[in-house]
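One chain comes next, on its own, written as structure tokens: the form predicted alone.
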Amino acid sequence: MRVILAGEGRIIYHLARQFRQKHGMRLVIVTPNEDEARTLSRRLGVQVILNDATVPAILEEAGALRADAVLALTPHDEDNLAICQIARQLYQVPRVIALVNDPDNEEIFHRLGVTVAISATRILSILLEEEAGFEAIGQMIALAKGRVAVSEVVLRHEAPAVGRRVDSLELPEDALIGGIIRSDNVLIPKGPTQLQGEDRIILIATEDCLHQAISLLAGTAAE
């Protein structure tokens, strides 16, 4: 299976790391970030193209003509949509998957032929509005042979992570904060986001580092 990942940020690293463990999967990363390109190439040992994936020639260089799937994971919806449309219309890639940063754009992505459009904001909002737990997400991720866990971590006021910026947390490499529910608001964390007491953290981590990550955030390990 041939997969192209286009974008930047920690999600690229974590997905690439998971895909790389799958036998027979061929992976190419396209990123406009020079530092990330260098780091990904060194740490993952996969082909990394430093360029803009919204340029058709760059997707072709990445192997779009032979790709089974393209994942567009940039922080800009217009770029993700462009990448998916180029992959589908010009190169007939069977599956195009996009991250949707603004949930209002999700329907547009579907109408324009994106196979799967994922809106973290919408998912978090549904969980908050329905006062749901995280069982549904946990079951969805468990399809990947249980290698990834999603947990809700409530920060007490004395928790070690309270008052810290997200980009200052020393979480394990295979753990990241997927979202924050604070009072009646759903936040998608950025580097400068400061954690507060009573925040409900959505923690995504591989099972072998989940307990360590929870301990670093809340001061107690999972039961």
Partner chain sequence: MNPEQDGPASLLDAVRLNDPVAPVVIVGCGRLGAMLASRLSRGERRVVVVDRNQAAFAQLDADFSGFRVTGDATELEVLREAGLEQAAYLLVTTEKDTLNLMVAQVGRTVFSVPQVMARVYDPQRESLYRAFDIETISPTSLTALAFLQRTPAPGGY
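Everything numeric here is computed off the predicted structure, so don't read it as measured data. Residue numbers count along the first chain shown, from 1.
There is another form of the same protein, the form predicted in complex with its partner chain; it is not shown, and what comes next is about it.
May I ask you to check whether V55 falls inside a 4.5 Å heavy atom distance of its partner chain in the predicted complex?
Heavy-atom contact with its partner chain at 4.5 Å: present for V55.
Since only the chain is shown here, I'm wondering whether Q89 would be in contact with its partner chain in the predicted complex (any heavy atom pair within 4.5 Å).
Taking the distances in the predicted complex, the answer for Q89 is yes, it comes within 4.5 Å of its partner chain.
So in the predicted complex, is its partner chain close enough to Q85 to count as touching (4.5 Å, heavy atoms)?
Because a heavy atom of Q85 falls inside 4.5 Å of its partner chain in the predicted complex, the answer is yes.
Hey, in the predicted complex, does I118 get a heavy atom within 4.5 angstroms of its partner chain?
I118: no, not in contact with its partner chain in the predicted complex.
Since exactly one of V153, A149, L73, L81 fits, which has a heavy atom within 4.5 Å of its partner chain in the predicted complex?
Flagged contact: L81.
What I'd like checked is whether D77, N105 and L112 together line its partner chain in the predicted complex, meaning each has a non-hydrogen atom within 4.5 Å of it.
Yes.
Going by heavy atoms within 4.5 Å, which of 42-50, 153-161, 55-63, 181-189 lines up against its partner chain in the predicted complex?
Selected stretch: 55-63.
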